[in-house]
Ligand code: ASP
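Okay, so here's just one chain, in structure tokens, the form predicted on its own.
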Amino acid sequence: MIVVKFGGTSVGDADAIDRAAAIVRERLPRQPMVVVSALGGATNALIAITQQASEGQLISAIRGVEALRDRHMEAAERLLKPGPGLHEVQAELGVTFDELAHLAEALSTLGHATARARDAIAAKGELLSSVLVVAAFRERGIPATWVDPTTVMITTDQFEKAEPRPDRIAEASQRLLRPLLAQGQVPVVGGYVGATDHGIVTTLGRGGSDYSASLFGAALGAEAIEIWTDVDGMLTADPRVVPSARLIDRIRFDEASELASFGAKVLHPSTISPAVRLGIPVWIFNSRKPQGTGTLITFEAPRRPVSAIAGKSGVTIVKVRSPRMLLQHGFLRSIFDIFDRHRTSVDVVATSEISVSVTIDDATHLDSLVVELSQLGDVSVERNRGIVALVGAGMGESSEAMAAALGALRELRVHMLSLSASAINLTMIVDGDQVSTAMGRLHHAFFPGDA
């Protein structure tokens, strides 16, 4: 069996859902299970509704609910023939939108939204889209069955970024999904959404639908996981930054993970970890070009010095300098314990005898971090930096790639430089407004000529 996941743009409207149906129909002999995101932009709209309602802007929130209602109802009318089937789907959608309106009214009265309430509302996007997709598939001759994600995606109660529980997911998948597949049915599940053991709705965080697909693939021992999105596959760089970026036909699991972590938007950073564990190949395809070759993520991809370049802005550098660090046992642990307590992830680390420099994406807790870190030494903060990363499994086998990278950036200021422990990733910190320039120069150096 295979897992087929459609992103928001791949189920964004009636035409997109129609294309998704054609893709699934071709894969019926391979026993597909389908994971869907919310309609493109729906999750953002739901988050805005939550914020508006909790801030007392009830009229704006209700308008947002009605706009989403109209969008989903229109899609249903375009996808389904007039008759009882259409009326049944519209009634089911209507119940969900009525619930959303009541939730908005409750938040407006309370004047605030808890993380649990935010998850309850954000989860509606996938629940709505999966209902539409199942109805559209059935109308097109695909034996689709709707599966409630809260019954199979079992998570912790860390709302808004819940941690999946793989053993519980595997048990639920074998119990609920495997029989459907054996009967020739196509289970359709909303991604991103889960629930605790007590049935309380959670979400996996933004981009979590990809993660859902990988978790289900691992739970069911899938032969492959297909991620259908709006790009041709993984590219040598972000084409919006580097127009000459090229399609990568095959890439290694570890390289794909690094690229996702450092800003490649085609894949959620957590997506492939369950697949890696079992060696399940992951394909990236463009739903608008279903005949394209896509990108295969696998253990068997070639080892290149540089496979791709990634970059992101909005990075902050935090530096801690202390003579006490010299030869002192446990000093680094004390520093990272502080970041852990403030739930702030660290990306890049560089150390010397008496200083540590780290980069963070999320500066929400920066002020509190600085206060605590100041007890260990002198702290300085540099905002508006950017990361540019070269990723290649063969980078550590020669110094040529690193030399070429520094040569390409010789006119730019590099604030930090870090080679990963596995030598798969060379990370350079530059000024935030120089990320695009740096990526362009590096791409020209390692992938010269037109695409």
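All values reported here derive from a predicted model rather than from experimental measurement. The numbering used is simple: start at 1 and walk along the sequence shown.
What follows is about the form predicted in complex with the named molecule, which we do not show.
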Note: the named molecule not shown here; in the predicted complex, the stretch from 77-85, 356-364, 203-211, 107-115 having heavy atoms within 4.5 Å of it is 203-211
Answer key, the named molecule contact in the predicted complex at 4.5 Å (heavy atoms) among 390, 38, 33, 53: the residue is 38
Notebook entry, point to check: Would residue 192 sit within 4.5 Å of the named molecule in the predicted complex, counting heavy atoms only?
Noted result: yes
### Task
Using the partner position in the predicted complex, report whether residue 43 sits within 4.5 Å of the named molecule, counting heavy atoms only.
yes
When the named molecule is considered in the predicted complex, the residues of 117-143 having a heavy atom within 4.5 Å of it are 126
